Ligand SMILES: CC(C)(COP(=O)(O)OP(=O)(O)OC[C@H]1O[C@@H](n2cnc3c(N)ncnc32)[C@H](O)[C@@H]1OP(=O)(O)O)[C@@H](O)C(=O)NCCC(=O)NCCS
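Heads up, the chain below is alone and in the form predicted alone; it's given as structure tokens.
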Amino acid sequence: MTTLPDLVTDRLRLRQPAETDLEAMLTVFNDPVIAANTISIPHPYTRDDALGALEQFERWRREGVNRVFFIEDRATGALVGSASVEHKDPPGRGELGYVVGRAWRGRGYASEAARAIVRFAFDSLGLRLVTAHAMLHNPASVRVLEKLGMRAVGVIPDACRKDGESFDAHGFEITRDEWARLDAAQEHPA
């Protein structure tokens, strides 16, 4: 059985979720703001929700359809949130997702983690296109995607469904070639 590699950034370690994260998950993900801005995290977020999520993450990893990483602060070892890339049809496409807990917002952790996930999607998974959605009421997520250099593709009607309700969302995407140019420019500024 393959495991997820650790993705290490300046301040973060993105790693495979583990059952030992259960209590930290209850603290980080039991947040009405997170619930309002995601399609898969309810509020309140219960122990059963956390256990179900851990089982789902493992199943997705085994099936190769979605890689969910937990974001850990390297300095403290604290669970900060999660980030993922989900395979989409047609093949070669993936969708980026990320969540950062209330105590760690405003520090650039979402951007740092999302950058690591996009790099992983292109370099390790061989994807050709990474997309992302940000709900219309979530300007902070839009800023993260813009900082990554993702291209806005407009508002996508009914892009997200939660609790039987549809939500429009801002759509973003970046191709492997676009990412390579941006990544090279950041590593070797003119």
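Sequential numbering from 1, following the sequence displayed. All values derive from a computational prediction rather than experimental measurement.
As for the form predicted in complex with this ligand, it is not shown, yet the points below apply to it.
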- Message: Only one of 138-146, 118-126, 45-53, 61-69 has heavy atoms within 4.5 Å of this ligand in the predicted bound form; I'd like to know which.
- Response: 138-146
- Using the partner position in the predicted bound form, report whether Leu26 sits within 4.5 Å of this ligand, counting heavy atoms only. no
- Message: Although the partner isn't part of this model, could you tell me whether Val99 comes within 4.5 Å of this ligand in the predicted bound form, counting any heavy atom of the residue?
- Response: yes
- Message: Is it the case that Pro91, even though its partner is missing from this view, gets within 4.5 Å of this ligand in the predicted bound form, heavy atoms only?
- Response: no
- Query: Is Ile156 a contact residue for this ligand in the predicted bound form, using a 4.5 Å heavy atom cut-off?
  - Reply: no
- Item | Sequence-ordered residues of 106-131 touching this ligand in the predicted bound form, heavy atom within 4.5 Å | Gly106, Arg107, Gly108, Tyr109, Ala110, Ser111
